[in-house]
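Just one chain is shown here, as structure tokens, and it is the form predicted alone.
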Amino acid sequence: MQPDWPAEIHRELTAAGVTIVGSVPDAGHKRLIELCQADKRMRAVPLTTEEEGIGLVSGAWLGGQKSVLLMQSSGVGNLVNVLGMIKVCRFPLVMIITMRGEQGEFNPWQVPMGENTARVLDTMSVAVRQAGDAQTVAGHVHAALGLAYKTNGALAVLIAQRVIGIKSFQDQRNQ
């Protein structure tokens, strides 16, 4: 039986004292977003772009709150300029990223960013942890939360496409 990784991530966020969760719409994070929305201790903030999330986490930290960003790998390309602010100002940043563009991807537009997400983040001084199976997701999130808030560092947990499930064109038309 596969672990319920969205519920495990939610438990890690709660245990770490995360109170603000920013996200753009993402089917891979759907259940985790719903858990955060239902949690009275958290404020789930819908974002129109990933760049808004950097302002959200920076403001949250300045206001004494812990936060995380949930996004898809294709959104990482939107963050390159604003990640510079995280590095210079040394705000803690935790991103939980569902991967696209990996084996089985139906949409060729997702492939280039999916192949380069880890390199882009590394180039922008974001430490990357890759969760290749459901059993390792919560452990990587736990470690990223601890390290980011102890060191004022930026960390990303990449959740492999095989963990979230392979989408198909048919799936997209039925939603």
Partner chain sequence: MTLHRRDVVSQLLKGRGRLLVVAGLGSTAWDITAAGDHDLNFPMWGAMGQAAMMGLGLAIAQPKRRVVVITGDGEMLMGIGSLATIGVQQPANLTVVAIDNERYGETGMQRTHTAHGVDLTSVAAACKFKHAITATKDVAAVRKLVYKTPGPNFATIKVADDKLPLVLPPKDGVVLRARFRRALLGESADVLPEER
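Numbering follows the first chain given and starts at 1. Everything numeric in this text was worked out from a predicted model, so none of it was measured.
This protein has a second form, the form predicted together with its partner chain, left out of what is shown; the following refers to that one.
By the criterion of a heavy atom within 4.5 Å, Thr14 is excluded from the residues contacting its partner chain in the predicted complex. Using a 4.5 angstroms threshold between heavy atoms, Gly139 stays clear of its partner chain in the predicted complex. In the predicted complex, its partner chain lies within 4.5 Å of some heavy atom of Gln65.
For Cys89, a non-hydrogen atom is located within 4.5 Å of its partner chain in the predicted complex, even though that partner is not displayed. The candidate spot formed by Ser58, Trp61 and Val82 is fully in contact with its partner chain in the predicted complex: every one of the three has a heavy atom within 4.5 Å. Residues within 4.5 angstroms of its partner chain in the predicted complex, judged by any non-hydrogen atom, belong to 42-50 and to none of the other stretches in 42-50, 29-37, 126-134, 102-110.
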